[in-house]
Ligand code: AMP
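Below you will find one chain, with nothing else, as structure tokens; this is the form predicted alone, and questions on how it binds or moves follow later.
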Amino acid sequence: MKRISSELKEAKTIAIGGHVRPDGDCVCSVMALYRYLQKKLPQAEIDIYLEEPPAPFHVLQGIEDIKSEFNTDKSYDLFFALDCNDERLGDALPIFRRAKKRVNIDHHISNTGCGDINIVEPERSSTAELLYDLMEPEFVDEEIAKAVYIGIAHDTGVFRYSNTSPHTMQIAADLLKFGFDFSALIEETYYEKTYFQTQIMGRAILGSVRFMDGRCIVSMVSRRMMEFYCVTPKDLDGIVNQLQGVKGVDCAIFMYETGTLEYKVSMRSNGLVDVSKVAVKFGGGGHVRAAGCTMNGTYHDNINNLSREIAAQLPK
């Protein structure tokens, strides 16, 4: 890769990891880098450490190579942490720390850099976009192009969010020259839902509540509800975006129960509220318009605590 070519030449063993509960940008960035390194360094041993990706991403070639068991004492010459800082690597963190050299590539504004080499550019639409610009064009093939395109599409809401720049669109245009069926890929990985995913989304929207004169909206899914609808956290993707689409809402909050008095929180904003600042207050992070964290306490206590931070930013 352009900025770290000397380190790549020396690496015989390489590991790639991403954040817990990997989303589209994370999964696709990991897979794009994996295939790129396989082509650039055919003699190197390359492993991926990532939680099992959601089923729709199995359209990506090589995804079966992902190692979702992290119990290893192996030490790598180089470890790439993508789309996150080290705190979000989960069970891959010990492997990251043992590596002789660590590279952090990310676009989250809350990431201060956790590697020996840090390439963190918050102005980018996605880690996939940043990664594409780091790759040497002669090694980019159709499978890499597919992964990068899906990653960018997921983190831009299929090019609807304000993080979509002219450069983002230029990269997308370059990728489409490879001739893959981009429409089918977006339909399968972004829009298509199972019957149970649709049911739990409907339940969450039906149970949503507006507050702050309708400028904020919140919904919650309990563990009991998840068991009833036979869904896992991976099946809850997209709910917070649906809440954000309600007319008049400046900030949307969705949370699901992960343990006793513990909730995973996702927030979306139209830009009036910097939800990354809210998330950081509670140990999380993200972007101005999309962020998340984990909170302890009752559902209502968590809403009260989040509301206080949001209200401080909302213009009167």
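Computed from a predicted model, the values in this text were never measured in an experiment. Residue numbers run from 1 along the displayed sequence.
Missing here is the form predicted together with adenosine monophosphate (AMP); even so, the following discussion is about that form.
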| item | value |
| --- | --- |
| Complete contact of 218, 244 and 249 with adenosine monophosphate (AMP) in the model of the complex (any heavy atom, 4.5 Å) | no |
| Sole residue of 154, 124, 88, 146 within 4.5 Å of adenosine monophosphate (AMP) in the model of the complex, by heavy atom | 88 |
| Single option in 46, 60, 66, 291 placed near adenosine monophosphate (AMP) in the model of the complex, where near means a heavy atom within 4.5 Å | 291 |
| Exercise: residue 266 in contact with adenosine monophosphate (AMP) in the model of the complex, heavy atom 4.5 Å | yes |
| is_contact(residue 287, adenosine monophosphate (AMP)) in the model of the complex, heavy atom dist at most 4.5 Å | yes |
| Which of 279-287, 51-59, 66-74, 38-46 sits within 4.5 Å of adenosine monophosphate (AMP) in the model of the complex, heavy atom basis | 279-287 |
| Residues within stretch 105-138 having a non-hydrogen atom within 4.5 Å of adenosine monophosphate (AMP) in the model of the complex | 108 |
